[in-house]
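Only one chain is included here, represented as structure tokens and corresponding to the form predicted on its own.
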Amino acid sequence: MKRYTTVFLVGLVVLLAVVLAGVLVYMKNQPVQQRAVAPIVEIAPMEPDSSKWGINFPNQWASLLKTETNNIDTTYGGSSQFSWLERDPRQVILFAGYPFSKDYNDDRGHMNMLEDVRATKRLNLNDEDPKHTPATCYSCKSANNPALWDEMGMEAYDAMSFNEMTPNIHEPIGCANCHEASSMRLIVTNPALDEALKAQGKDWTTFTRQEMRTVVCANCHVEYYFQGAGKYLTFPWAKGTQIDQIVEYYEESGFKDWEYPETGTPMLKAQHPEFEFFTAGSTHYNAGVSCADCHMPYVRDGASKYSSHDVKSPLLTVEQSCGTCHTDTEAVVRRVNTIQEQIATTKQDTEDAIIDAITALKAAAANPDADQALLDQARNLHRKAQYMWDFVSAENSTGFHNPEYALKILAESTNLARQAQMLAAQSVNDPGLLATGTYYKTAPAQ
């Protein structure tokens, strides 16, 4: 009897194994499951008109439209298009000789991208001028770009002038910049981001959806520069995305955005390195939080739950953005205010140090007897100090995306600026150039 029981159990196990194998084979050969709600219309690949996507995804589209009129400021940022040159006149001095000293407004929402880029005074629309604005400046401004890059290639795109590209650009940032039309999965659409990730041996197609909720933001919210005569859009990530690695990259390439007047310093202008900043070991990044979790929080419309595409500061949606993890949102806001106040104050102290270095450099450069070797060392320190300051300043969180990193960078920037000031003074043996607070002696009354 015992032998029959054993045989029966073995047979049952074999039968269950066969059934399980059959089920797995059946499941593997089934077509990919479609979304719970069938699409109303089919979206063409890389369709630039977001309103067409909105037929299938009305909540996302309706919330994206709000970015056009969302002009609420926070204490240190926002989307009202305020002028940084008016809010912090030091920056007029820091960007002297560069278009940012003429016009430097804070960004408005995504739906305003085309209007704002075409209105900025930084444009040079004289195509006869070798320094005319290239088409590359449209790279992060339009949902037309993915199809244009696919059709003509980024090299040909970037080689055109801003004027030449304008007739091809009709739509602001939209669905096609982040999503694949057929599946709605998050994708990399900017060739420069794809190239930068590959240079680091990374394949974004293997990333999880949660990882992609940060990576797609890097299509635009990154540091970049225009490489060579063709103004080829390039992310300086070949050595890594940390500030010291990016500085080393620029040092080896010899690239400069402009030469600072009266000092001869080959300068660098940082763009908006939110991705590099956030992913540099920040607390939230290490905890697995994505950009979208905070800036595009999940909201409800009746029984429907969706990610809001009214992209803005989490301080304007504290309960949805922060309340999912933090029970005391009032304490969160107080903490954010404390962090940003400390970084904003430190940032201005760093600006004062850089301006003191500029003042000393101008005086030394004007002296024909200056020690040129020391002067060149001072220029290089000025270049690095200002770029490091700008890396924090141009990053749109007043340091909150990574507070410790921000303070570390500003401390090093201040150190380099003071060294530059000291070397400039030594180059002409003039201790008087070591005076501090020169900005306050020359600036107009506020």
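Quantities reported herein were computed from a predicted structural model and do not represent experimental measurements. Each residue number is its position in the shown sequence, starting from 1.
The protein also exists as the form predicted in complex with another copy of the chain; that form is not presented, and the subsequent description refers to it.
Comment: another copy of the chain is not present in this chain, but in the predicted bound form one of Ser183, Thr338, Thr205, Gln372 has a heavy atom within 4.5 Å of it, namely Thr338. The contact with another copy of the chain in the predicted bound form, taken as any heavy atom within 4.5 Å, belongs to Gln419 out of Gln419, Asn70, Asn56, Gln60. In the predicted bound form, at least one heavy atom of Arg334 sits within 4.5 Å of another copy of the chain. The closest heavy atom approach of Tyr387 to another copy of the chain in the predicted bound form falls outside 4.5 Å. Contact check for Asn402: a non-hydrogen atom falls within 4.5 Å of another copy of the chain in the predicted bound form. By the criterion of a heavy atom within 4.5 Å, Asn380 is excluded from the residues contacting another copy of the chain in the predicted bound form.
Only one segment in the set 346-354, 95-103, 245-253, 187-195 has any non-hydrogen atom within 4.5 angstroms of another copy of the chain in the predicted bound form, and it is 346-354. Proximity to another copy of the chain in the predicted bound form holds for none of Ala199, Val215 and Ser304, with the criterion being a heavy atom within 4.5 Å. For the stretch 415-434, the set of residues having any non-hydrogen atom within 4.5 angstroms of another copy of the chain in the predicted bound form comprises Asn415, Arg418, Gln419, Gln421, Met422, Ala425, Gln426, Asn429, Asp430, Pro431, Leu434, in sequence order.
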